[in-house]
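Coming up is one lone chain in C-alpha cells, specifically the form predicted on its own.
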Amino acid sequence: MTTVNPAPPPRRRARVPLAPYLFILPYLLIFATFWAWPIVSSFLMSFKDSRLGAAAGYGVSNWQRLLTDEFFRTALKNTVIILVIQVPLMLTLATTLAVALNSRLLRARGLFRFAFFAPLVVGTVAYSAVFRLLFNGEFGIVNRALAGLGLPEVDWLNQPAPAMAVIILAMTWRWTGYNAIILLAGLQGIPEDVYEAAAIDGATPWQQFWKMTLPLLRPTLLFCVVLSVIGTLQLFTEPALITNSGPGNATMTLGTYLYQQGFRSFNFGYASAIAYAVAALAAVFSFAQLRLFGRDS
C-alpha cells in the first residue's frame, strides 16, 4: 500500500522589523535635507549661470570657463605650492615629534603631548589674527627680533614670497601637533617585541627607525597624508585672514577664490563648478596616494 506524504505547509515570509528604520528615520531626513539635497543642487547649479536667475538654462559654460580662467590657474598654482612645501614639512616634523613623545627617556610625556596638541584647540580666527600681528611689517615682533639680531626687516605681508612663507608657517604650527598625536597612536601600536628582536640582531636605533618604524607606520602616515592633502586643497582661513589673498593674489587659494566668486560676486554657479573641481582634485590625489603608497598596508 503506497503512503502519500502530506505537502509541507507554505512558508511564511519573515516580517521585516520596522522599528530600526523608524529610529534612523530622523537622521535620514536630516541627511537628505542638509547634505544630500545641497550636494545634488550645487552640482546642478554648476551647469547654470546663476546670475541670470530662474530663466538660466543648463550648459557647460562654467566648466569651460575653468579651463581658461587665469585667476583659477593662479589659485590652483598657489594651492599646489603650499601643498608641495607645507605637507612634507609638517609630516616630517610630526613624525620626529611623535618619535620623541614616544620615547621612554622623556618625562612628563602627558604634558608635552597636550602642549603640542594645544594649537588645534585655538580658534582659527584667533590664531590667524595673532600671526598677522606677529608678522606685521611695522610693529610685528618678528621684525623686531630680526632688527635686534642686526638682520634686515622683511615686509612679510606685502611681498609674494614672504606672504606665502607666513601661510606655510601658520599651517605648520597649527597642524603639526595634531598629526604627531595620530602618528604617536600608530607608534604605540607597534609591538615592543619587534624592537627587542632587532636590538638582539645588532640593529642601531637609526636602522630600527628606517627599516622598522617607518614601514610599520606607513598606514598611519598614509592616513595623515590623505587628510593633509584634502585639507590643503580646501584651504581658506589662513590666506583669507592673514594675507587677504594678497599681495596681488599671491596667496589666493582655491578656497578663497571660491568664496570670492560665491559670496562677493554672487556667481554661485561658477563657485559650484570650482567646488566640484576641488572635490575632483582631492579624489584624484587621494586615489593616487592610496595606489602608490597604500600597497601591503
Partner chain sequence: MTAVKPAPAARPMRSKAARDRASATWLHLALIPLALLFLAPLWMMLVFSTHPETAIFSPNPPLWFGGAFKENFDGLQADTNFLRALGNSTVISVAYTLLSMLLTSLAGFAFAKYNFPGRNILFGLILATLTIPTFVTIIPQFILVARDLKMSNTYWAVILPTLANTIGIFYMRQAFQTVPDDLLAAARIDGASEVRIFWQIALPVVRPALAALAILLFLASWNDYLWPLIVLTQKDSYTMPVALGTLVGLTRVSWGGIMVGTAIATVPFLALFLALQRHFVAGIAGGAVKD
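Numbering follows the first chain given and starts at 1. For the two forms, the rigid core is made up of the largest set of C-alpha atoms that agree within 1.5 Å on superposition. On a predicted model such as this, the values are computed, not experimentally measured, just so you know.
One more form of this protein exists, namely the form predicted together with the partner chain; it is left out here, but the text below deals with it.
* Among 74-82, 180-188, 145-153, 159-167, which stretch has residues whose heavy atoms lie within 4.5 Å of the partner chain in the predicted bound form? -> Correct option: 180-188.
* the partner chain isn't shown here, but in the predicted bound form which of 214, 133, 89, 194 has a heavy atom within 4.5 Å of it? -> So the residue touching the partner chain in the predicted bound form, by this definition, is 133.
* Asked: So, in the predicted bound form, is residue 176 in contact with the partner chain at a 4.5 angstroms heavy atom limit?
  -> Taking the distances in the predicted bound form, the answer for residue 176 is yes, it comes within 4.5 Å of the partner chain.
* To do: Report whether the minimum heavy atom distance between residue 58 and the partner chain in the predicted bound form is within 4.5 Å.
  => Residue-level check for residue 58: no, no contact with the partner chain.
* Does residue 38 reach the partner chain in the predicted bound form, with heavy atoms at most 4.5 Å apart? -> Residue 38 belongs to the contact set for the partner chain.
* Asked: Is there a heavy atom of residue 67 lying 4.5 Å or less from a heavy atom of the partner chain in the predicted bound form?
  -> No, residue 67 sits far enough from the partner chain in the predicted bound form that none of its heavy atoms falls within 4.5 Å.
* To do: For the stretch 109-128, return the residues whose heavy atoms include at least one within 4.5 Å of the partner chain in the predicted bound form, in the order they occur.
  => Stretch hits, in order: 109, 110, 112, 113, 114, 115, 116, 117, 118, 119, 120, 121, 122, 123, 124, 125, 126.
* Determine whether the C-alpha of residue 31 shifts by 2 Å or more between this form and the one not shown once the rigid core is superposed. => Yes, the C-alpha moves 2 Å or more.
* Asked: After fitting the rigid core, is the C-alpha of residue 43 off by 2 Å or more between this form and the one not shown?
  -> It does, since the residue 43 C-alpha is displaced 2 Å or more between this form and the one not shown after the core fit.
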